[in-house]
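Okay, here we've got a single chain as structure tokens, the form predicted on its own, with questions on binding and movement later.
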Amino acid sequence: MDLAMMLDLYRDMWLIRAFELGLEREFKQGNVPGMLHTGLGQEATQAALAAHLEASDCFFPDHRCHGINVLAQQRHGGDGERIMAELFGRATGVCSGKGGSLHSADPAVGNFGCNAVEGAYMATVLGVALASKLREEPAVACAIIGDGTCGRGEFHESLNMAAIWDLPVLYACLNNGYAIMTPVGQGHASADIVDLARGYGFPCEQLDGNDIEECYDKIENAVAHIRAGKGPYFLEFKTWRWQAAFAGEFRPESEVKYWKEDHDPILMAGEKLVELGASVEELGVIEKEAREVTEEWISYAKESPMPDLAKATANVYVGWEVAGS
């Protein structure tokens, strides 16, 4: 990978991290309503996926995918500030404040939204993929899932149907080690989710989800396979989330140290960039710019109006009229 491309990915990774660090701070101050699950520590997977998905593709993000939502907006004519406003529950958000952290969507940039029922979109992604196949479009339908989701029935049903119908689905499994507080090896027959997927007969690979170069290259191969009409592809990204479940850190100190200090995707990318010829000062400027634009977006969200109560039911029930009390 050349220096220019690596710098672009590094810039995207820092934008994701700065966005979520700012969001986490505001959530703790009570400025962000609802629940918040951050993808801190998983920036490489989101940046690499965003780099390969076009506006004509679709992706179903999981609860920790604010980063790819922001990058999709920026790459396809939108603006990241509308994602921030959505998370603050403001009228200027991509869903007018109704979606929040877990349910924001914008099909115009390929974001088909998450679902409160984990794993449910592993079924709905098949419909979008089938439509693309019937139209003979070289589009990719990407389902971004966590290791916990793989314990649900939709996981096996989805992989089976994608296989027998030869659908253009990219399964991006972010195995971050824990389903809430349950270690992946205790919740599944194998701690490697790729073992569960291989029985369905299409290409399945496991990779280092914190190595941006490996993520980029493997996704590039998978997307090329799908666009060529060769059917589904499964990628398991071994990664780790910084955010502990609920309050307090329950994971071993040595594990926390390894993932936060020794295997941080941004630090790893920075080391590679220096080897390619980038300066430490140049990398510092990228971080500074990401933090500054995040603060601008937070200010925009805070200054945006709250949603009009009279529009609370608009676009919720298609073709229905909801009677007032």
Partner chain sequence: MIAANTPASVDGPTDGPGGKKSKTTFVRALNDALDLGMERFPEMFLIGEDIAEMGGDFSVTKGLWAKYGQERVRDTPLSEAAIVGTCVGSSMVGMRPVAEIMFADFVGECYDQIVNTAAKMHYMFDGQFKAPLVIRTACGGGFGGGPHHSQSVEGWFMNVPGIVIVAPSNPADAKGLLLSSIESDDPVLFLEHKALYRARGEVPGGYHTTPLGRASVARQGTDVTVVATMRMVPMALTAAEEAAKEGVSVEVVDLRTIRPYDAATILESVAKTGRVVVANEAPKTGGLGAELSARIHEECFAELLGPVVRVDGLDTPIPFSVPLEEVVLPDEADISAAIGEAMRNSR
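Here the structure is a predicted model, which means the values were calculated and not measured. Numbering follows the first chain given and starts at 1.
Not on display, but discussed next: the form predicted together with its partner chain.
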ask   = Which residue, Thr124, Gln74, Thr92, Gln206, has a heavy atom that falls within 4.5 Å of its partner chain in the predicted bound form?
value = Thr124
ask   = Pick from Ile164, Ala228, Met181, Ala189: which residue has any heavy atom within 4.5 angstroms of its partner chain in the predicted bound form?
value = Ile164
inquiry  = With the partner left out here, check for me: in the predicted bound form, does some heavy atom of Arg25 sit within 4.5 Å of its partner chain?
reply    = no
query = Should Gly80 be counted as a contact of its partner chain in the predicted bound form, where contact means heavy atoms within 4.5 Å?
reply = no
query = Within a 4.5 Å heavy atom cut-off, is Asp106 in contact with its partner chain in the predicted bound form?
reply = yes
request  = Answer with yes or no whether Val128 is in contact with its partner chain in the predicted bound form, where contact means some heavy atom within 4.5 Å.
outcome  = yes
note = Assert contact_stretch over 93-101, 229-237, 141-149, 189-197 against its partner chain in the predicted bound form, heavy atom within 4.5 Å, equals 93-101
key: Heavy atom distance at most 4.5 Å to its partner chain in the predicted bound form, all of Asn115, Ala120 and Ala314   = yes
note = Those residues of 135-162 with a non-hydrogen atom no more than 4.5 Å from its partner chain in the predicted bound form are Arg135, Arg152, Glu154, Glu157, Asn160, Met161
